[in-house]
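Quick setup: one chain, the form predicted alone, written in structure tokens, and binding and motion questions come after.
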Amino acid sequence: MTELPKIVPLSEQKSRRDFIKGAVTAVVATAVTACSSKDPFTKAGENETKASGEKVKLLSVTGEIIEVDKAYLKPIPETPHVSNEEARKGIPGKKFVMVIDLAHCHNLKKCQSACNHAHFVHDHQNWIKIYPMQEAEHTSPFWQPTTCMHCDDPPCVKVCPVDATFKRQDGIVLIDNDRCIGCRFCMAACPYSTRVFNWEEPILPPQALEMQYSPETSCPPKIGTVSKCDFCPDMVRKGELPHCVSACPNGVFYFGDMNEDVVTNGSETVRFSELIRDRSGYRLMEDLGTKPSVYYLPPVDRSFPFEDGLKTKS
């Protein structure tokens, strides 16, 4: 397994583009204009693919339902399948952690769109929620991305009657939708309200329906089950960053291994302990004793005015 990036001098660090180069895209189809009959995945000089006339409904990057000609569907790249037993154990020797820098969030929702697109999540079922926050009447407001906290003492795991929600040795909390019975006890137990219930039948391309289900990918999603942010363990196994981290243009999300004391946002790699210490990192609702694996950096010296975020897609 490829390891997450080690700490290197800033002059030697890879750019975000280089770091995520070669990542497997979750999208399985690309919309083409009605007047185009050329396969966008065909190299110049090769035979052109002609439209079949058979349309398939898909979710776009922005969460909208679009129709694409079946002839232009891009097959899902094959990835090594991880057994259910391996998925429940996790990656040995790792303790994954995320740090969210509130000073850099502009409410662009790129993280949200990328997450939804990769996991076939409907726009109104976002796993990542971005809240406008204000601590007091006369304090400045800010934007707060909120994911599953992947707690070290998760109350959701304790109340699940069928062991569908479980915590791995690497700190990631996952849901096995093959076991989930839709009782929603975990939703009631979660103090962060980060879980969603799949009320609707997901809109999936034909290839996604043929995917072998894994708790690590949460795909394909299933109606009548609970879902949430999963820290993208399938990406982590390949040494790549979660979709929200690589999609954010402002470096809001840092992800890494607490055991190695390293986190990265794709363009900057730093010591986790130093980042939390020097930037006054904190966790939400620490008094509950859930011990979240998601830390926040205060919105000090913000890069963008709060009001600018109101102009983005809500």
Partner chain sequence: MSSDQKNKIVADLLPQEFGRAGVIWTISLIVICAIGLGAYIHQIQKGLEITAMRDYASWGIYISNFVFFVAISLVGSLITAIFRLTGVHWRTPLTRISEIIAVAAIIFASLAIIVDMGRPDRFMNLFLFARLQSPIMWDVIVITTYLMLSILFLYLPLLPDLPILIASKSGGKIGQWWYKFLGSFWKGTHLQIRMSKKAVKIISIMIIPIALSIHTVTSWLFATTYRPGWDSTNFGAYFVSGAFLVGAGGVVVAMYVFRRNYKLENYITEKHFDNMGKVLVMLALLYLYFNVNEYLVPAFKMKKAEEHHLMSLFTGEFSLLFWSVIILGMIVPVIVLLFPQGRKPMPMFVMGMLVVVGAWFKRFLIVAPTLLSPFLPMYDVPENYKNYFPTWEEWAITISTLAGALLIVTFFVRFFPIIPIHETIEERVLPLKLADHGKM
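Residue numbers count along the first chain shown, from 1. Note that the structure is a prediction, hence the values are computed from the model and not measured.
Omitted here: the form predicted in complex with the partner chain. The next part is about that form.
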query: Full three-residue contact with the partner chain in the model of the complex, heavy atom 4.5 Å, for 267, 272 and 276; finding: no
query: Contact stretch among 94 to 102, 204 to 212, 149 to 157, 228 to 236 - heavy atom within 4.5 Å of the partner chain in the model of the complex; finding: 149 to 157
query: Interface membership of residue 193, the partner chain in the model of the complex, 4.5 Å heavy atom rule; finding: yes
query: Distance check, residue 142 to the partner chain in the model of the complex, heavy atom within 4.5 Å; finding: no
query: Any non-hydrogen atom of residue 177 within 4.5 angstroms of the partner chain in the model of the complex; finding: yes
query: Distance check, residue 222 to the partner chain in the model of the complex, heavy atom within 4.5 Å; finding: yes
query: Contact set, 161 to 185 vs the partner chain in the model of the complex - heavy atom within 4.5 angstroms; finding: 161, 162, 163, 177, 178, 179, 180, 181, 182, 183, 184, 185
